[in-house]
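In the form predicted alone, a lone chain appears below as structure tokens.
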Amino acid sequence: MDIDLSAQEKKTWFFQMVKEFPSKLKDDVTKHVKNVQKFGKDDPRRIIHSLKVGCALTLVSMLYYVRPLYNSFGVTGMWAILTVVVVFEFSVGGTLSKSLNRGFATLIAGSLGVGAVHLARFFGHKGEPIVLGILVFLLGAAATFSRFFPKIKQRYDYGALIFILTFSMVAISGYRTYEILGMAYQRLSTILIGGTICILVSIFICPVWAGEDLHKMIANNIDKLANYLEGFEGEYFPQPEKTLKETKSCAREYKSILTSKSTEDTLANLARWEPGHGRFELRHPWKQYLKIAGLVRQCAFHFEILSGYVLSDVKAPHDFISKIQEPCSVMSREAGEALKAIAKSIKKMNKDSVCVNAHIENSKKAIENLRVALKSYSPETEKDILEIIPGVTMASILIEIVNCVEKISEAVKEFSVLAHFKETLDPKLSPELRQDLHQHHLLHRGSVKPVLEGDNEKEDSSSPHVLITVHEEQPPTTNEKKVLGAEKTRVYVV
């Protein structure tokens, strides 16, 4: 009786599974389709890249489909298809890097392989395999050792690998065949055809530039730092109108910067292979991006430490916090505005040193105000000193962040000169003043001082906002030498 019940249960379970199978299959298919759609929407370039690879494979397969081409290359046309599969990368720089590495490595290794075979044949039938074995050992070991050098590893590692493979194949197969030269020529030709098709499709059909991705990445990372500093005041000095959710969101954005080094290095390496395009010239200073990225990451590490104090339950006394709140808020706010201006300058490739310097100077003034506030606070007991340590540490980290922002600003200034950023002035300036400032090279021989609110007793629409001082050198007379420091000064109030 028990056996009959068990069989009946299994039968019922089987029919239930068969009945539910169509609905489960439909749910699984719908789920996978939604995942694919989401993956494609995150970066539509992935879909375009897939179509480009299919296009390149279709073009290169003509070596088999077209009879005249097949008669010329024969079965070696398969090397062209293999080349497309191996060298076609997501970015133009990646495709160029692999294509050129593969092409030159095949050319050099094929030439050396043919030379090695002809050299070995001078030693007779018995000595030929010995000589070939020695040459394969020496060149294979030397090429493998070269891959440990950092510069070769970074830029030519794939080429070294193809060199070892091609030389070994040509040298070893040459021992059994006498048509080694024709075989090497056919393989090199098909590889060059496959690589050329990859390069042309990658560049001329919806190109993805690694340099442009690197440029956007650095600017966006600086923006993330600015967003954190914007939300810092609401996190450490909570305000009732700001919710916890709003402050937590900006506190996590910067964390992706901490692990972005490998991506930045890869993009910078690939960008060096790319030709000049758009706003990026042929010899664009890609290494400078890595310098800026290193400073940005250093700043993000300070944020990570600062975030620990922000989220900590141990806080300094309320009276001490109220004393340092104003200068710390100004420091974080002005440093954030400076970072925003820097990010905007990089994105648009325009110089904006006046605005950045103004915010950094305001941050430094806030540091001085903080020092005055710390000196005015006199703890009475040792316990009071221990209680204010978290607040003092937080303030010292903010000071380090301001210093990091200044270093980033200096690196971007250096980069703007090397990358030939466009010179821009405040759009509020009149055309006459703009032309005069351009003629006298204001940004190199003058100073711009923002006039803050409260500096003027009369606050109306006619009050000055910026004080601009231009130092103009006086031309020397015919009989006198030019005296260093002889200059006249112009002052503009805008």
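Sequential numbering from 1, following the sequence displayed. For clarity, every value in this text was computed on a predicted model and none was experimentally measured.
Note that the form predicted in complex with another copy of the chain isn't included here; everything after this is about it.
- Contact with another copy of the chain in the predicted complex, defined as a heavy atom within 4.5 Å, holds for exactly one of Lys261, His118, Lys422, Arg283, namely Lys261.
- When you look in the predicted complex, the only residue of Thr144, Gln154, Ser72, Ser322 with a non-hydrogen atom within 4.5 Å of another copy of the chain is Thr144.
- In summary, the region of this chain contacting another copy of the chain in the predicted complex, judged by heavy atoms within 4.5 Å and restricted to 332-340, 292-300, 228-236, 355-363, corresponds to 292-300.
- A residue is said to contact a partner when one of its heavy atoms sits within 4.5 Å of a partner heavy atom; Glu414 fails this definition for another copy of the chain in the predicted complex, lying far away.
- Using a 4.5 Å cutoff between non-hydrogen atoms, Gly140 counts as a contact of another copy of the chain in the predicted complex.
- Heavy atoms of Ile218 never reach within 4.5 Å of another copy of the chain in the predicted complex, leaving it off the interface.
- A residue is said to contact a partner when one of its heavy atoms sits within 4.5 Å of a partner heavy atom; Gly133 meets this definition for another copy of the chain in the predicted complex.
- Using a 4.5 Å cut-off to another copy of the chain in the predicted complex, not one of Gly182, Thr196 and Ala268 places a heavy atom inside that distance.
- Applying a 4.5 Å heavy atom cutoff to another copy of the chain in the predicted complex picks out Leu161, Ile164, Leu165, Ser168, Met169 from 156-170, in order along the sequence.
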